[in-house]
Structure formats: structure tokens, C-alpha cells
Ligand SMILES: Cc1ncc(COP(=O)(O)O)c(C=O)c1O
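In C-alpha cells, the next block holds one chain alone, the form predicted alone.
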């Protein structure tokens, strides 16, 4: 289903939002994270898919490949690690800790007795565990029943203590908060709740690095509009979308692109928030192959940005996402093959759903001149699941990608 947000505005970036998330904050995050050896020392590729654009009847399609961000395989490498560093700096305000050297493990002895905890569907927890290991502090990760054993092992390899619960993602968030209170551990969550906004803000600010790299790659004079008309952003609790759209909004002002938020039909908390006008829960099962988007409750802090900064809210089916994974893996229409996980392919899935319906395409303002920006938020973070869906391994796709003779990369 597609919902046009009646509260969306096209104005200069609101001052009250800039006080929370800003271009300057994102640029600072970009500098700090560059010191971490688990992040690749370059911007992630921004790839043009001209043949896919022709097939879909739009002017252009660009995809930012966050699966190529780090050894962690997802955009989450920008969120939890930055939030952890900022948390430590607040905890020891007079320490003289340097952010870059924290990532390099220079203060392991000082933070050895400090422990953080978080709930996760996989990628956030893996990023937090990896950052905690590098910095030298303890880490506990709470996993709900639907998190695969493969994803659990990917987190545990970074030294985190794993706690399993029988419930869903939202219940794992509650359990992480409870364990934090009982044990004196600090919660590093990407979703906010009453009295807990600083850390989720820091997580979202880290995601602004993605936008900063895109703006840099598509450099245009200040005052001109965005070089893309529509950006499709994965939903979840809203953190990625808020971090990315806030940067674009500040950069392009009233000429910002149209923002389409994408969610699984059974985990549509942002869609429900848009239709009700307040942060809301999903009515669905919160059980989706798009594990990173299987969230039942909107982050109130993220909603402050989506309430007026998102133009459309779209729900998709699991089958839409898995088909988009295969399209990207095959380079089906003649473009470079790409490894995209279940949540990573959601943006393309949404674009294909809209272009398959003249009514929905018109509602979203899609034409043959539309310039589309997608973000592949993850690679094959669960390789066995990926291979089952796509029919081959992620390594095989990467081999085909490396042999590609006509890449178009910005």
C-alpha cells in the first residue's frame, strides 16, 4: 500500500531539527569513523544502473552500495560504533580521550570495566560488538527468537555475550533495557523511547555519512536542487531514514528530493504512524524475511524527521524483496551484478512495485524523467539465507562483479 503524507513539507531545513541532526555532525562522524580499521578507507560505490532504469521507464537509477562499507557488510557500521564513542566521551568528559584513538584501542585499560548492551535483528548488534571489541569494552547482545543462528554466530565472533529471548524484536529491546538497569550496563540502541534519546540520536547522525558521500559524488552548486528526484529509504524504526533525509534536507532545502519510506507489510509501524499522525506500532506479525526491517514500533525521535520530511510510505511483500535481490544479483537487465541482502533490496523492490502500477506511479510522481536514488543497506549478512533465495553464493556474485567489463560507477 502507498500512502501520501499530507504533513510533508518542502521548506528550508527546520532549525529545531538541525539542533538534533546536522550536516556538520555527520561530517564529524565521517572523520572519526575513518580511524577504524574495520571500515574501508574510501566511500562506498555509487553505481549507475542505466539498463534497469530503461526497463523500469525512469530517467536514471543510482544505488549506493553499503554492503561494501566494511567487513561487517552493512550500513550499521556507521551507527552503533559512532554512538559508542560518543557515549564513552560523555561518560569520561575529562579524560582527554580522542575519538580516533578510541577506535584504535588506545584506551583499552581505562574502559575495560565498561559494558554496553543492545537488542538487534543482526546488523546493529554486530556493529556494536565489533566496535566494543576494537575499543576494549564489554558488550552484551540480546537476540529474539527469529534471529537466525547464522546471524548469532556473526555477532559472537566479535566477542559479545549473547542473550536469547523467546519473543520478538520489540520484546528484545525491552529485555535489553531491563538487563541494562539491573547490571549497570549502558544501552546502545537505534530506537528511542521516553527518556532515552541521546544514543539513538548519535546512531542516526552516523548514518548521515551515507548522504555526505552521495552529495560529494554528485557535487552541484549550493542553491541548486538535488540531482535525484526520489530517494527510497528502508524503514525499520526510522533511524536510517531520519539520518539520511536530514542531511539531504539541510543541503537542498525546499528543493529536497521526494522521500519514499519502504517497509514490510507485516512490520509497518512507520506507515501506521503516517496514517495516524503519531508514532505508532504495527498491527502485523513483525515476521519478515527482511530481518533488518522487522520492527514493530516507531522510534519517536526518528519520527520527528519523518513526520514532515517523508513524502510517501509504502509497504511491500517479502516476495517483492526476494525478487529484487535476484534482479540485482543477476544484473538481470544488463547492469553490473550486485550483492544485496533481504533488507538491502527493499528500495528496488518498492520502485518495481510502483512502476508496475500506473496508478501508484502517478501517485508517487514517477515519470520517464525521474531520477532515482536507492541505498543497498546490506550485503549477504546471512550468506546461507542469501544463497537459498538467490540460488547461488554471494562469493559467486562478487566474482561476476569483478569480471564485469562495463561498470558505470560514480
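Residue numbers count along the first chain shown, from 1. What you see is a predicted model, and the numbers here were worked out from it, not measured in a lab.
Below, we refer to the form predicted together with the named molecule, which is not included among the displayed structures.
A.B. asks: Give a yes/no on whether residue 239 approaches the named molecule to within 4.5 Å in the predicted bound form, heavy atoms considered.
C.D. replies: Judged by the heavy-atom cut-off of 4.5 Å, residue 239 is in contact with the named molecule in the predicted bound form.
A.B. asks: Test of understanding: in the predicted bound form, would residue 293 fall inside 4.5 Å of the named molecule by heavy atoms?
C.D. replies: Residue 293: yes, in contact with the named molecule in the predicted bound form.
A.B. asks: Residue 207 versus the named molecule, in the predicted bound form: is there a non-hydrogen atom within 4.5 Å?
C.D. replies: Looking in the predicted bound form, residue contacts with the named molecule include residue 207, since a heavy atom lies within 4.5 Å.
A.B. asks: Evaluate residue 121 for contact with the named molecule in the predicted bound form, applying a 4.5 angstroms cut-off between non-hydrogen atoms, and reply yes or no.
C.D. replies: It does: once the named molecule is placed as it appears in the predicted bound form, residue 121 has a heavy atom within 4.5 Å of it.
A.B. asks: Tell me which stretch of 209-217, 121-129, 247-255, 194-202 has a heavy atom within 4.5 angstroms of the named molecule in the predicted bound form.
C.D. replies: Flagged stretch: 121-129.
A.B. asks: Heavy atoms within 4.5 Å of the named molecule in the predicted bound form is the criterion; list the residues of 376-394 that meet it.
C.D. replies: Stretch hits, in order: 377, 378.
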